[in-house]
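Starting off, we have a lone chain in the form predicted on its own, written out as structure tokens.
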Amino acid sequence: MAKRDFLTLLDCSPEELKSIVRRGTELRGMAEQPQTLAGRSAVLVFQLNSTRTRVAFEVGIRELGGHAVVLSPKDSQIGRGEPVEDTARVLSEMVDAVIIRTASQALLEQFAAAATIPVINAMSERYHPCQLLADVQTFEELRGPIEGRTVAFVGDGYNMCHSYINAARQWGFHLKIATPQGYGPDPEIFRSTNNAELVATAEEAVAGADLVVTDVWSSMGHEAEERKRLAAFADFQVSETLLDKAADGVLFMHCLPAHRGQEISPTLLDDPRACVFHEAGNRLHSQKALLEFLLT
């Protein structure tokens, strides 16, 4: 079997993505997990902090019968100057997959080009594709197919926004994006699909939406800009009142961690329309389904 990477959602066909999401739902409903990764191992290289992604991959690999090894920046020789290609070749001789969280999409692509085993993007500054598997799985479990629906992304046009643009292309939903001026998505990524549009205000984005999504205003690497960003994003907070402008049955999602009182109102996560903890739980099941797809 030729090796497959998962660096963006575009590394799979729409049919493959739908199959992974369906499998994630199947795995969520199983009391006994199939041992499909028995005898398999994966290395998690985490150059950035992680809670949900790391726990979901570590637990998921174990539940499917496999073994995970976690390397922090202090543990990995990449952090001490070893060429990325050398690390990729060494790990390809020892394990069955490598899962990387890094600030550099270029490093991911460099690593994947040298590796002979699957490489998974566990988040970079450009994309967060694993999160989208969980988001789509959650929406479809609660509201049915996402194809043809309207999704609003409100906030920073960063890695989550980029992955939602890719998702709109792959799943066939309509995406409305509202960001402050100067904080929009990468123009090249935005132009890659006809399924996304930029709108001026959060209210315009949310109007009639079946799903509303946001992310933190200061992602990892942007901490020094926090004061400036708080001012720029002030009109882009998602609140209960904003959700009232959406379609009946709207769902709200956030990849977490959330800053209450910034990108969301202080009580939004307690609103019945918010499904962020179901969404977070699905990181486990969707990532298990992804591992099965790439390794079996």
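No experiment lies behind these values; they were computed from the predicted model shown. Position 1 is the first residue in the sequence shown; the rest follow in order.
Another form, the form predicted in complex with phosphoric acid mono(formamide)ester, is not on view; read the next lines as being about it.
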**Asked** When phosphoric acid mono(formamide)ester is placed as it is in the predicted complex, which of 90-98, 201-209, 163-171, 124-132 ends up with heavy atoms within 4.5 Å of it?
**Response** 124-132
**Message:** Between Leu27, Ile61, Ile264, Cys255, only one gets a heavy atom within 4.5 angstroms of phosphoric acid mono(formamide)ester in the predicted complex; which residue is that?
**Reply:** Cys255
**Request:** Consider the chain as shown here, without its partner, and state which of Ser41, Thr241, Thr51, Gln33 has a heavy atom within 4.5 Å of phosphoric acid mono(formamide)ester in the predicted complex.
**Result:** Thr51
**Message:** Check His285 for me: does it contact phosphoric acid mono(formamide)ester in the predicted complex (non-hydrogen atoms, 4.5 angstroms)?
**Reply:** no
